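One chain is shown next in structure tokens, namely the form predicted alone.
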């Protein structure tokens, strides 16, 4: 049968010996719409589609890769008009609008009947209203990536506390460099800073209560304490200038050239640093330092696959979800030469890579406060949009804090 791969050039074909599921007689067409548009993720999804197609001679697999940023505004239309069978999205609260709208298929039976073994630790991120609405396929740590060679030059060590972080920053500034690069043009990177400063200042439970709309942005003293800690860094001049004009990728050269020494970012930054010419001897990673006496909470965004409620080939879609979460496929696609992230199946193997291993140890041993998804995934979409606009504004105009908090509180009362 003809196999059609829309925009499938350069597919990374995985071994067909992997994960033979119970769905041996699949037929028809399986349509996958994916936002894995960056080069490495694109190769992975195209490889998965090619491999799954080869495993099922009577099935034609089509994969359509769309721009990751554009997908955030296109997904609803895609799910309502000629819906594909399988799509990419995000775990936790970000599933909410599509679950409540009846656009995601309930696959609770797959979680309960043993089709998805090894995923117990991530089941909660896929659960809403006591049911499961998809599967995860990868997750990754956030933390502070830094120029180890510059730290060595300045006699700095990895800080364990915020006081040590600030002391390091002052020495970095004194050397003529900035402490942190960041590009806030698309807002979400400022959300990462707020997540960590709030989790460290007030604890994970406070942060999640704020995300659920249970705390006032204007009345809660903890919220103001978080911004006060953030302002210490802003007033020092810790961040690069004009960061609101850069994307996160456009902010990379400041780190690569040594003009800024650290980047609070997800582990997906590592391939970019290596491709820019930095060696592993020049870069390292540490957990965001402690501020208050709270168990350490961490951001570990989880990317997911879902079946559209209007899918035409749900049998094949279910088989694909089982296939992609199997230990063998999880090990392969999350390896250092694949996505370079962490596998979600407890029976998979973490890639032989310094940063993957550090992330795995941190998340499995020192994230006792809890695992968050990320600002724009944990907060409802409208709250996240207004929130990140305010966070970026605060980084540029910290004196506007009262006005910013008033807007966030107005939005909170409207959204929740």
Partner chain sequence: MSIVKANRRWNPQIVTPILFLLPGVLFFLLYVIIPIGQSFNISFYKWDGLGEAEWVGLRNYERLMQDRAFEVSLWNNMKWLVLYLLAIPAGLLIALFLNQTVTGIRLYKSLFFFPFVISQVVVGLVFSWFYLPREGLLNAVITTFGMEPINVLGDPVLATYGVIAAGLWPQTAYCMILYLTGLNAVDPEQIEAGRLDGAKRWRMLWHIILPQLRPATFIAFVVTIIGALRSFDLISIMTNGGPFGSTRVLSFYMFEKALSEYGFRMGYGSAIAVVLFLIMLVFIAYFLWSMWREERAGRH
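Residue numbers count along the first chain shown, from 1. Given the structure is predicted, the values throughout are model-derived calculations rather than measurements.
Although it is not shown, the form predicted together with its partner chain is what the next lines describe.
Triplet 64, 81 and 315 all within 4.5 Å of its partner chain in the model of the complex via a heavy atom | No: no residue has a heavy atom within 4.5 Å of the partner.
Among the candidates 185, 224, 177, 290, the residue which, in the model of the complex, approaches its partner chain to within 4.5 Å (heavy atoms) | Looking at the other structure, the residue within range turns out to be 185.
Contacting member of 132, 93, 244, 331, with respect to its partner chain in the model of the complex [4.5 Å, heavy atom] = Result of the distance check: 244.
Quick one: find which of 353-361, 26-34, 375-383, 40-48 has residues within 4.5 Å of its partner chain in the model of the complex by heavy atom distance.
-> Stretch 375-383 is the one.
Any non-hydrogen atom of residue 371 within 4.5 angstroms of its partner chain in the model of the complex | Judged by the heavy-atom cut-off of 4.5 Å, residue 371 is well away from its partner chain in the model of the complex.
Would residue 103 count as a contact of its partner chain in the model of the complex, using a 4.5 angstroms cut-off between non-hydrogen atoms?
-> Contact with its partner chain, yes.
Is residue 275 close enough to touch its partner chain in the model of the complex, meaning at least one heavy atom pair within 4.5 Å?
-> No - in the model of the complex, heavy atoms of residue 275 and its partner chain never come within 4.5 Å of each other.
Report whether the minimum heavy atom distance between residue 97 and its partner chain in the model of the complex is within 4.5 Å.
-> Flag for residue 97 set to yes.
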